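Here we start with a single chain on its own, the form predicted on its own, put down as structure tokens.
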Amino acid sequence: MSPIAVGTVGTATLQRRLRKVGHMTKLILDLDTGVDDTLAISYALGSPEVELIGITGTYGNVLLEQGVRNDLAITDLLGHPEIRVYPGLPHASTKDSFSVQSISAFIHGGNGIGDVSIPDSNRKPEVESAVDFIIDSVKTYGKDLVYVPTGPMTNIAAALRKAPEIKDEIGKIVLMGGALTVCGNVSPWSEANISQDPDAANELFRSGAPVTMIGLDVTLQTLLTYRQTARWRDLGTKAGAFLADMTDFYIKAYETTAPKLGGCGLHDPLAVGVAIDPTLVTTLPINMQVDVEGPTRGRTIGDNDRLNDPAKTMQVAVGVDVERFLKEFMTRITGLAKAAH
């Protein structure tokens, strides 16, 4: 069959055609829904190659309950109320509770979406837990399933403990987190998502599951500016105005926290982009671990015990095609925001 050109037909039409020929990749997003998580949802919904079969909630940028509320409200606003949301674990298994860090509230706003108000959804989260949904989805879709966690790895680690066989059954896991060749963003050695639950991340990294790490090494090279968000506002849609206002808040925060960057990092959307098109990044095959003891707790680093193992179960992104990714990002999200009411 000849390939279908993306952009020549609408996303919904192309999705229907792809379903007919069996080309639809099934996607789960695991989110602590702040600003860049919202952009990740938008990227996924604007991508005809994938079917977002569900969102699993976690904690980090916001508390679990706020993140789940955001997921439901955002998918409604973007015209996709069919997306189901499954609540995950509210904190790391090694802790009794979780509190949002002040820096997270500064970057993402008190409500996680730049302090922009959007209507609450009339829908409720699913009764099934995120952990069970992950396991059930792997059993149902197998290699056709891609799982993209963009917060702490608590849910996927719990799923692997409950059903360890899924590591060999899942298509792939593309996570946003970690830093291998650059410094961390919550300490000189630790990135925020990994730092929320280093033990869970270490379980995932050393599990043998097929994992691609999209870390600060590449996400801080993909920057968005006010010039791009103005394009969303100029669409004249509620979705466009929301995305522009929310992301402008995020860019403003970056002007304080990282003034030399010249924009905001597209952390979570890049993970979705790579889940859809792995050629967006150059990767290093290396078996990884996370330090869980001592002063470097939370560091993502090569696993010396498996350094010479010929089987490399992890790939770490060390290069990114910035221009091509930004073009895809703007095309997909702008198209979605234009179509949404």
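All values reported here derive from a predicted model rather than from experimental measurement. Position 1 is the first residue in the sequence shown; the rest follow in order.
Not pictured, yet referred to below: the form predicted together with a small molecule.
Participant: Among 130, 74, 204, 192, which has at least one heavy atom within 4.5 Å of the small molecule in the predicted bound form?
Facilitator: That would be 192.
Participant: Can you tell me if residue 247 lies within 4.5 angstroms of the small molecule in the predicted bound form, counting non-hydrogen atoms only?
Facilitator: Looking in the predicted bound form, residue contacts with the small molecule do not include residue 247, since no heavy atom lies within 4.5 Å.
Participant: I'd like to know whether residue 61 contacts the small molecule in the predicted bound form, with contact meaning heavy atoms within 4.5 angstroms.
Facilitator: Yes, contact at 4.5 Å.
Participant: Please run the contact check for residue 176 against the small molecule in the predicted bound form: heavy atoms, 4.5 angstroms, yes or no?
Facilitator: Yes, contact at 4.5 Å.
Participant: Report yes if any heavy atom of residue 185 sits within 4.5 Å of a heavy atom of the small molecule in the predicted bound form; otherwise report no.
Facilitator: Judged by the heavy-atom cut-off of 4.5 Å, residue 185 is in contact with the small molecule in the predicted bound form.
Participant: Sort through 28-36, 277-285, 305-313, 41-49 and report the only stretch with a non-hydrogen atom within 4.5 Å of the small molecule in the predicted bound form.
Facilitator: Selected range: 28-36.
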